[in-house]
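One chain is shown next in structure tokens, namely the form predicted on its own.
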Amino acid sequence: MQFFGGSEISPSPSVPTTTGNNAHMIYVFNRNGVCLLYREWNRPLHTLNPQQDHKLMFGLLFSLKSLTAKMDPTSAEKGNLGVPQLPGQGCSFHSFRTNTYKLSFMETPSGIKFILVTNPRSGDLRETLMYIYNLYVEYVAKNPLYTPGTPIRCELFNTALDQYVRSIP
């Protein structure tokens, strides 16, 4: 398992120019662990029902965030494992890779969590996640008909997301 630390992300990343179908699925969670969006493009095996899958993914993120904060070599104050941290607080992780997939993660200052699961050969996807976040802001957060904390049901967002994710190299 590889963990990657980070640098700053450009606020308006460019859209990839090559085509591919490397994205398997995306999750968007709010700060309370409610799954606001789940989309899949290339997931050949379904082993859990959606609710179990969402709980498992959020639990994995919660555990990894706690572990990375506990093992932070730059902070003398380690806190307790399992205690939630504010976004941007302490050490964080951006991605990990297994032999069958790569999970990339981004958390916004408001606590919205974006998780993109892709082919394990995918490169650094922080700019991709930031671009998806920008789509979220433009099509969901600024939408006067959207109620924060409810599942995302915006066709313009879904179309733009599908179009962009299918172009990830």
Partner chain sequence: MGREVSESCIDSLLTEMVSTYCNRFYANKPELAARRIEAIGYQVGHQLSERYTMERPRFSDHLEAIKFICKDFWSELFKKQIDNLKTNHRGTFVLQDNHFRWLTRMSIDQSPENGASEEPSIMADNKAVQSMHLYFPCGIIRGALSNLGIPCAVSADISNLPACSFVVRIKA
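Numbering follows the first chain given and starts at 1. Everything numeric here is computed off the predicted structure, so don't read it as measured data.
Omitted here: the form predicted in complex with the partner chain. The next part is about that form.
- Heavy atoms of C154 reach within 4.5 Å of the partner chain in the predicted complex, making it an interface residue.
- Contact check for F62: every heavy atom lies farther than 4.5 Å from the partner chain in the predicted complex.
- Proximity of H46 to the partner chain in the predicted complex falls outside the 4.5 Å heavy atom cutoff.
- The closest heavy atom approach of E40 to the partner chain in the predicted complex falls outside 4.5 Å.
- For the options Y101, F58, Y133, Y139, the one in contact with the partner chain in the predicted complex, meaning a heavy atom within 4.5 Å, is Y139.
- Annotated contact segment (heavy atom within 4.5 Å of the partner chain in the predicted complex): 140 to 148, selected among 23 to 31, 107 to 115, 140 to 148, 121 to 129.
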